[in-house]
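A single chain, nothing else alongside it, follows as structure tokens in the form predicted alone.
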């Protein structure tokens, strides 16, 4: 455990490869959350993101099963990418959207993903592959991140940022007024499907850090905090990214110091910060109202 009073010892500890991988993974996750989390919050797609994130459990279980069958190259993150992306495409498929209620489709995908993950996990002969407990998949195990995972996360992040920057004006229009976006020539249906795929990719990045269950918190809380103070999409993205980076780095440091699960510590910190921000915003507006009232009364006198 790190001695918090010994900075030199702490710096030496940060030079350990697994700690460096933890920090890099946390930064990549925060960068993804800042952009996609903002879109999720503004478009009120939180339930959709939750459904997609839980299908990842099935993809990860499938990957370990395939490894057990001899496909050693099939990484769990690849399984998560394939399944979550498939779920996103299904949700965005126009005939499905028109014929079925969206919440019903999400619910079905949610439970099928979880059930498939449990079945695959029980079908794997763990003598043939590295054992991974269901808890580490559900709640994250950032200690298990390796160099390959970091490269996959970086590639997915590059794809997310490239698409967002290139189509930012269209995304902004669709986030706040889909009808106006359609009139302006934006292909909203196609854009919605693309955004669902980006959510799926972000979920894949987050699963290794926070797990399937806690992904939704990391995806939404930083954006929700920033949304308390601004409604401008670009400002929200920047604020959510900064909030996510600060919370993630502090959570990793505290988890090492206190020997606690990093994903859970990060989410708790974000939750506390959200409550503090909510309280601070309420106090600020009350004080401003009081001051404006006093100024008006003084002016009348």
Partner chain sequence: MKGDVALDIRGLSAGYDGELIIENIDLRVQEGDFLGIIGPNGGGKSTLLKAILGLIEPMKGDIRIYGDPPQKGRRYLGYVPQYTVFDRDFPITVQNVVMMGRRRMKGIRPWYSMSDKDAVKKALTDVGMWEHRRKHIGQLSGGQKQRVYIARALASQPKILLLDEPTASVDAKVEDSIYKLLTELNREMTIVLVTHDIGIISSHVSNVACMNRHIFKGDGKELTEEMLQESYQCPVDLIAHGLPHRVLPPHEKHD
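Positions refer to the first chain, counted from 1. All values derive from a computational prediction rather than experimental measurement.
What comes next is about the form predicted in complex with the partner chain, which is not displayed.
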Next item on the list: Would you point out which of 71-79, 171-179, 201-209, 119-127 contains residues with a non-hydrogen atom within 4.5 Å of the partner chain in the predicted complex?
Entry: 171-179
Checklist line | Distance check, residue 227 to the partner chain in the predicted complex, heavy atom within 4.5 Å | finding: yes
Check: Quick one: does residue 184 come within 4.5 Å of the partner chain in the predicted complex, counting heavy atoms only?
Finding: yes
Item checked: Partner contact for residue 233 in the predicted complex: the partner chain, 4.5 angstroms, heavy atom -> yes
Notebook entry, point to check: Is there a heavy atom of residue 167 lying 4.5 Å or less from a heavy atom of the partner chain in the predicted complex?
Noted result: yes
Notebook entry, point to check: Here the chain is shown alone; which of 48, 66, 42, 269 has a heavy atom within 4.5 Å of the partner chain in the predicted complex?
Noted result: 42
